[in-house]
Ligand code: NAP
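In the form predicted alone, a lone chain appears below as structure tokens.
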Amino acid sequence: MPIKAQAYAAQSATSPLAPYSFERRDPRPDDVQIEIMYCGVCHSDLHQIRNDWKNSIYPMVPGHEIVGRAVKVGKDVKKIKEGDIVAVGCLVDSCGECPECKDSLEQFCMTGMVPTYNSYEHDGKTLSQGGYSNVIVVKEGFVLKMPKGLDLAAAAPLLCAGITTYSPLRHWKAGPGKKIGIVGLGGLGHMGVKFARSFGAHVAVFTTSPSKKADALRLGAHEVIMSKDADDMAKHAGSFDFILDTVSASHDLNAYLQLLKRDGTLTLVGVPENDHPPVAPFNVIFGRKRLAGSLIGGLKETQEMLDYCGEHRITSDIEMIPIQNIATAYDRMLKGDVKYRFVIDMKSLKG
């Protein structure tokens, strides 16, 4: 029998999130049914419900930073047991056959991965619905095991903010002897600082807000650079091995390209509503610099990231909210008034 789910959903780009009931599929032999305990609030949730990226499907239950308890497992499930604390991130299916999937890079699936929400499942009919809900049913291969010892609410944002910053920092080998820049100190940026520092790199934070300096240093940055101060920026010209840009608003990338060493890389992970201004070709030609991008991580790397966080006791700085306060949380998120991630206590759905 299908499972009755309770959630909050958007019915259109202009309607607020509101209580919504729908059906999840009855678990198949390779499925795990998860009672959702916590779900992080990502800036992309707001972009999607407002149709900022012009691809939204309604009704929409957002949420892709999910931590919960496995309450039912299919007969073919091997790695998850009932009662296990598990997690679900930004995707819930992929083809499993293409070169990207075989390389454990399911996020780049050539036939199209299935995002946790705002997509159709592979049957082409069923809408995927996310974690602002009391329950979710997911294929075992897309369910992650949570390490013991972490605050589960604070660990929820690892499923997007965590892997989104961990993956490019690992790929471009942030570590001892490297000077790493993090642009922006929000939900993504503060995780980038924590990871880069834990990897042994020299970490600098770029911000437009002098008030964030003390917090950047508390989180692990060695120095803070005011990105609107031309003199402050000029001091660092040609000195960075790698810069991770986490900002989800349109801004000029040329200033950061000028700070890279020869063969340095500026990688984008923030997705603005509108495109960035054009990049001047000379800013990449001179110095053989790279402008790159990165999208979350595959299932293998995401599990690696969770295990790393368990070993090093890394979680997100969060503020817990009941789901009834989601509209206020969105308003505050737009103003940058959160340190650094809202997390919904899903017990509040019963309240």
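Residue numbers here begin at 1 and follow the sequence given. Computed from a prediction, not measured in an experiment: that's the story for all the values here.
As for the form predicted together with the named molecule, it is not shown, yet the points below apply to it.
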Stretch from 39 to 47, 55 to 63, 279 to 287, 304 to 312 whose residues place a heavy atom within 4.5 Å of the named molecule in the predicted bound form: 39 to 47
Site test, P2, G68 and I136 vs the named molecule in the predicted bound form, non-hydrogen atom cutoff 4.5 Å: no
Distance check, L152 to the named molecule in the predicted bound form, heavy atom within 4.5 Å: no
Heavy atom of S94 within 4.5 Å of the named molecule in the predicted bound form: no
Exercise: Q33 in contact with the named molecule in the predicted bound form, heavy atom 4.5 Å: no
The named molecule contact in the predicted bound form: G336, any heavy atom under 4.5 Å: yes
Position in contact with the named molecule when the complex is considered in the predicted bound form, options C109, V114, L253, V247, heavy atoms within 4.5 Å: V247
Heavy atom within 4.5 Å of the named molecule in the predicted bound form - residue from G184, G181, G130, G89: G184
Interface residues of 308 to 324 toward the named molecule, as seen in the predicted bound form [heavy atoms, 4.5 Å]: none
